[in-house]
Every structure is written in C-alpha cells, then in structure tokens.
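One chain is shown next in structure tokens, namely the form predicted on its own.
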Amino acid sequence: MLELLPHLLNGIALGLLFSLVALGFMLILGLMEQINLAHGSLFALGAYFAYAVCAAKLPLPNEAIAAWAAVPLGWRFATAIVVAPILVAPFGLVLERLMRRTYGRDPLYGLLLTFGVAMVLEEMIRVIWGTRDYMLPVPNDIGGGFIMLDLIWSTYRFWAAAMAIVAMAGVWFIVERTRFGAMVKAGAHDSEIVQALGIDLTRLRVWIFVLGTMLAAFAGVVMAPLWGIRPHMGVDAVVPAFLIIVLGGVGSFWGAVIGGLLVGMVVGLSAAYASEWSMLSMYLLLIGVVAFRARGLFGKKSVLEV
C-alpha cells in the first residue's frame, strides 16, 4: 500500500486539475445545454496571456516593459493569475453573443459555431505568438521539488492542486449557495418558467458564459507551468474535460469533481505501472462506467429510462 501512496497522491493532484478544466465546460454544457468546443482555445488563451504578463512580453512602451520586468516574479505571477482570466472574459462575451441565434435550435449549430471559433482562436494564437513552445516561469517559493517517501515531488503540482480546490470551492458556493446559482439551476430546468417570473434569461446566460470562460482561462494559467504553452494545448485540455463530464454526469458539479479525481488516479497509476496505457486508461474507464450507467455517475435519470 505504501508503494501505491505516491502514485495515488500524484493521481489526486492531477485529478483536481482535470476537474478544474472540466468545471467551466460543465457550467456551459450542463446549465445551457451547449457544447462549447472553443473551451480548450480559451484555456490556451489564458495560458498565453499569463505568459505575456509573467515574462513582460506586453505591447507597452519599452520603459513600461523594463519597469514591469524589474518587478519580482512572485508579483508578476500573482498578477497573471488574476489578470489573464479577466483578459479572456471578453472573448467569452463575444462567443455568447454569436451563439444567441443557436439557442433553442439543433445543438449541431452551436457545435459547429464553437468549432469554428476554436479554429479562429488557435490560428490567432499562432499569428501572435508563433508556433514555438513557451514555459510559464514559476516563483522560486512554489517551484522546485522536495523529498517525501524517498521520492522527489514537484512543489508546484501541490500548489496547483490547492489553487484548483480554492477555485472549485468558489464555483460550488456560487452555484449552490447564491441567488444567482439558484436562478441558473432553475433556468436549466425550465427556462420558460424562469422568464415568466421576470428573470432576464439572456443576461443570466451571459454571466454563465463569462464564468465558464474565466474558469477555462484560470485553468490554463494553473496548468501552464506543468504542461507547457503551445497553440494546440487546448485540444489536450478539452478532450479529458468532455470525458470527465460524460463520466461524472452532465450538469453535475460533484460529477465533474469525482469524475476528474477518478480519471486522475487511473492515469496516475497506469503511468506508474504501465505508462503506455496511461492515456488509454481514461477512455477504458469511461467505457466501463457508461456501459453500466449511461447517464454517468451523478447524471439525472432521463424520462426515457425505464
């Protein structure tokens, strides 16, 4: 059991990060019934904006760049965590505005629209930052490693897991303990009744999209020091996110969290004992769960089920 412990801890840390990526996807898919294929591109955009802030690669006068570069890395990194999601938020606003004509129609329209936006964002990233890989610098206080159980551990991985927990707690509070969250859940259940009560459903959808977009960007910043920054990193994020949502159950907060942890632990353990199976293992997990429970672990029962 002691031999398994390090791999389980690594898997839990990885699972928390997967859950963080999946939560923004879950908000839009579960509560607006829209599959946002641009979620991964917004994730990548958050990472690139964080790099621009941290590495002082900003479109500012040389004097301002020099002054910002002289600021300690810890402050630049903390600023990037806050600023990058704010800079990505307008892209979510534009995307939601574009998607309004698809509401209430065949979901394929929204799917194709978000796919097109994802392609545009990825090409925009290539035009601005090129095709080379970047690494987001991490302050020394949360970088490096330490020895535990005769193994070397990445300090930042645990900080990233802690940031993911804080973000997930914030989403849980908003969705489960605020009037806004109650309106969002009511709107997902019956939009006509919500409108009849005088609630502006259009404004509600805008806020959901902005929240989901900022979560994607925040996840991109947190994951960037671990994954590296490259134009197609969004694809690497959106595939596990979609898998976790299906595994946990569409629209379920705890489904996204538990699904992410399960995927993280399966990937972590398989990477330790059979590395060639590490990525395949999460797909096998999904097949195993869906084969016995088609709506996922925490998905609501369909009226068509008997």
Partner chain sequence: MTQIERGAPAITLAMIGTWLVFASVPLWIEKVGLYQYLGVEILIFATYALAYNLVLGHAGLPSFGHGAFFGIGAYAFGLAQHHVWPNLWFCLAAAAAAAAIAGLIVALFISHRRGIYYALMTIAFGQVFWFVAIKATSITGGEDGLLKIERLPVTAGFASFDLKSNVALFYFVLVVFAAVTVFLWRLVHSPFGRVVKAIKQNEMRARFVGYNVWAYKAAVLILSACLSGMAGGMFAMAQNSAFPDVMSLHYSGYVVMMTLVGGGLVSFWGPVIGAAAFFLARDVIGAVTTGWMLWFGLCFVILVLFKPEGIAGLFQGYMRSRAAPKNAPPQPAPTSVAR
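From a predicted model like this one, the values you see are computed outputs, not experimental measurements. Numbering follows the first chain given and starts at 1.
Separately, the form predicted in complex with its partner chain exists; it is not shown, and the next lines address it.
*Looking in the predicted complex, is its partner chain within 4.5 Å of a heavy atom from each of 119, 239 and 291?*
Yes, all three are in contact.
*Any of the heavy atoms of residue 133 lying within 4.5 Å of its partner chain in the predicted complex?*
Because no heavy atom of residue 133 falls inside 4.5 Å of its partner chain in the predicted complex, the answer is no.
*May I ask you to state whether residue 173 is within 4.5 Å of its partner chain in the predicted complex, using heavy atom distances?*
Although its partner chain is absent here, residue 173 would stay clear of it in the predicted complex, with no heavy atoms inside 4.5 Å.
_Under a 4.5 Å heavy atom criterion, is residue 200 part of the interface with its partner chain in the predicted complex?_
Contact with its partner chain, no.
*Indicate whether residue 276 is a 4.5 Å heavy atom neighbour of its partner chain in the predicted complex.*
Contact with its partner chain, yes.
*Per-stretch contact check against its partner chain in the predicted complex, the hit in 101-109, 135-143, 212-220, 78-86 (non-hydrogen atom, 4.5 angstroms)*: So the stretch in question is 101-109.
_Only one of 55, 258, 269, 250 gets a heavy atom within 4.5 Å of its partner chain in the predicted complex. Which one?_
Residue within 4.5 Å of the partner: 250.
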